[in-house]
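Starting off, we have a lone chain in the form predicted on its own, written out as structure tokens.
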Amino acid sequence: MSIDSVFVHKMWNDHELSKMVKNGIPFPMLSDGGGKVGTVFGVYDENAGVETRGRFIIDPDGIVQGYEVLTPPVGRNVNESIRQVQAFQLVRNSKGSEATPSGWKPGKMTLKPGPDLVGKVWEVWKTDMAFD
């Protein structure tokens, strides 16, 4: 979503995204003309008429689970966004019986929150979670 019009999105998709993402992006692009949604999330600068780049992960209940806001010169990492969505989905599906440590990826070991884990996360982390 951006403050750009649907016509700008189409041009961007046709001339840029379609060349960068095989089969196109798997989600719709939305226009936030006037910055109403950006204002709610605190990323719209009304004086400049621009939005700061932000990524918001919102669960099915409408609760923001994670977000990242970057100034325009710094790009975002789509793979990290996907990894985080997968982590939030795993935790949600487990009803909180599993947690994902820093750098977790699908297929990697999860943590089982509870008193037995307190003070021992590093022991579990060093055996299976080390940075790839």
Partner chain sequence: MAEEIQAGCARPTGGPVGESPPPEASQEEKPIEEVHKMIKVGQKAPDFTAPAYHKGKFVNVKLSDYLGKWVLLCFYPGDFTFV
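We call the rigid core whatever largest set of C-alpha positions still superposes within 1.5 Å between the two forms. Positions refer to the first chain, counted from 1. What you are looking at is a predicted structure, and each value in this text was computed from that prediction instead of being measured.
Form predicted together with the partner chain: not shown, discussed below.
- Among heavy atoms of W12, some come within 4.5 Å of the partner chain in the predicted bound form.
- Although the partner is absent here, G54 sits close enough that one of its heavy atoms falls within 4.5 Å of the partner chain in the predicted bound form.
- Using a 4.5 angstroms limit between non-hydrogen atoms, P101 is distant from the partner chain in the predicted bound form.
- Contact between Q89 and the partner chain in the predicted bound form is found at the 4.5 Å heavy atom cutoff.
- In sequence order, E46, V50, E51, T52, R53, G54, R55, F56, I57, I58, D59, P60, D61, G62, I63, V64, Q65, G66, Y67, P72, P73, V74, G75, R76, S81 are the residues of 45 to 84 having a heavy atom within 4.5 Å of the partner chain in the predicted bound form; the partner itself is omitted from this view.
- Put the two forms on the same core and the Cα of E80 is off by less than 2 Å between this form and the one not shown.
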